[in-house]
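The form predicted on its own is given below as one chain in structure tokens.
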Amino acid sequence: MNWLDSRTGSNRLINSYKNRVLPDGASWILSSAGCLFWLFVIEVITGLLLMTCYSPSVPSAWASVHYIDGLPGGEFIRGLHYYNSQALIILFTIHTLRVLLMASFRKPKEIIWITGILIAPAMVVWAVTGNPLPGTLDGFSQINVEGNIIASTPIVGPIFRKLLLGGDEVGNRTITHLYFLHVALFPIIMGLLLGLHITQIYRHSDKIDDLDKSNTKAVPYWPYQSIRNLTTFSLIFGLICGMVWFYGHPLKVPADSGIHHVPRPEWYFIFLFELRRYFTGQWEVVATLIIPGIALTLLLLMPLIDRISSEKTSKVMRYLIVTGGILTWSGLTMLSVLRDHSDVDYQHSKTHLAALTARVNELADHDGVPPQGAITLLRNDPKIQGPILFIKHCSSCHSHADANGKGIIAESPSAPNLYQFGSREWIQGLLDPEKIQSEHYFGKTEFKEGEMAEWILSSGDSEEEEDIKDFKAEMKQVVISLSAQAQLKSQAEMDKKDTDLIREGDTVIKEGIGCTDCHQYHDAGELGSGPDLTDYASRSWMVDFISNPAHERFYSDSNDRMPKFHDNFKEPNKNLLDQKTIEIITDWIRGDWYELERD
């Protein structure tokens, strides 16, 4: 220790801590300052750990954070970084209110107070710059809302917004700008303010040599106050770790302009978001600049106001500021929360985003994140995109709804209902004389009076009960065999179990009841008036059918109004749909998508 002191003067720092005393004795309420310091240290350490794997760009930000979550302890460290930042803001507010009520800003501690007040907005902005870094939709939306709040400030607002976002819109440069602000500029600003703040605290603290020997309340800061600080910090840190362990901090859905979202700022900015409702248009600056500016200036000037006021006036003013601040923040925040609680659009957006968050993490865990970014995981996912694309391109004619009407109902149904298309149930209904002419099949099409419908309606006619029984048995075999052509994941087990029935059904289709008079089925029959039944309703069959239903394999001469969605191979841009879109719609109709197996 002597060797180290002779070269660095370390004992001077140690002695300044050992010699510090508390004239009025140790107190649990004084623990807030020490806890804040160690929470700040934890925030820096966890941030440095996250930096080792984080990649600051729109395509890679979400993927790198997901990678961090997959590392041993990675998700815990990221959750710790997030919840610790929230605890910093809460505890700093409590600490500031405590200092204000105790008038601990009085001479000669004015610089301590001023640096502490300046740390508050710097810390909040520091937290704000970190929220969009994972590349989530929430983070991007929040920084956009907060950027608009900043932009409402006259003259300098648009400039600061552009500096924050890296341009006029949230994008790749936003990530790089925010990354610089979050890991470089604001840590430096916070370090300088905090360094000045702490040195001033020790400079103006009571020392053992300065202590009045008759003061029986006085005790050394170490260990009497230090042990209280450590105990309080342990409780707070334990609570943070508990929240991380039990609730975690799920990586939310990646930013995508195509996802409907009702943005909201972080909880500590909700009061400002609500305040803007009462000052719109040109008066918005009152909510975003004037009121916060007056509040900050009032706090900065408290040492001066206290000096020129009487003790009673100062005390009343301090309690009014604390009470008014708490009530105003709580009231505005509660109003906004209650309004959102009854906002159907907002609640639907929250539920939808929660489902997308779970889904995108499942896909990333299973397939990894492609180089194009996490955004493609949902865009290429049939479970998510299928119904959206079906509604957009198919629901003008086709429904996709179960027997109870749950699902997608066509605007003006004029084509078969595609719910469970290719399944045994669907094909059985198609071959049922009582259903083939219903609106679920051919009822709204030209095929209602066609050869297929006519054959189905008349094929079961017979006076012999035995013939009818045999025909129904053959039709059952046809249903099983034809449905097996689809290779549906939903009935894979049944198809595997019924291999003998499928083989018998193949024989019936080729030789038994005349299917190949109109349809081709593998090596039997020829392309004719009906669609090719080879691999009927399989993925490739459906993709080809949607691409060009008028192809000779399908309805070459009798196509009923269905457009050719993808038949121009020389100029693909002129097609109604691209190949990928058709594949996604097909996979959704067939139920072909990855699903996490759950207990």
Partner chain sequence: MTRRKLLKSICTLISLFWIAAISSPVVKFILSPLKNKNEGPKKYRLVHLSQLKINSPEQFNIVSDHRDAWMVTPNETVGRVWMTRTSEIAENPKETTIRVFSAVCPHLGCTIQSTSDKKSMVCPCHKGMFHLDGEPISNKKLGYKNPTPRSMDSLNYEIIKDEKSEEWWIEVEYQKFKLGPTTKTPLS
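Positions refer to the first chain, counted from 1. None of the values given here were measured: they were computed from a predicted structure.
This protein has a second form, the form predicted together with its partner chain, left out of what is shown; the following refers to that one.
Within 4.5 Å of its partner chain in the model of the complex, a heavy atom is found for all three of Val58, Glu169 and His260. Here is the short version: of Asn361, Asn148, Ser226, Asn380, the single residue with a heavy atom within 4.5 Å of its partner chain in the model of the complex is Asn148. Leu163 is the sole member of Leu431, Ile240, Leu332, Leu163 with a non-hydrogen atom lying within 4.5 angstroms of its partner chain in the model of the complex. For its partner chain in the model of the complex, the listed stretch (187 to 195, 268 to 276, 109 to 117, 245 to 253) containing residues with heavy atoms inside 4.5 Å is 268 to 276. Although the partner is absent from this view, Thr280 contacts its partner chain in the model of the complex, with a non-hydrogen atom inside 4.5 angstroms. Its partner chain in the model of the complex is approached by His177, whose closest heavy atom lies within 4.5 angstroms of it. Contact annotation for Ile159: at least one heavy atom lies within 4.5 Å of its partner chain in the model of the complex. Taking non-hydrogen atoms only, Asp343 approaches its partner chain to within 4.5 angstroms in the model of the complex. Annotation for 402 to 435: the only interface residue with its partner chain in the model of the complex is Glu411 [heavy atom within 4.5 Å].
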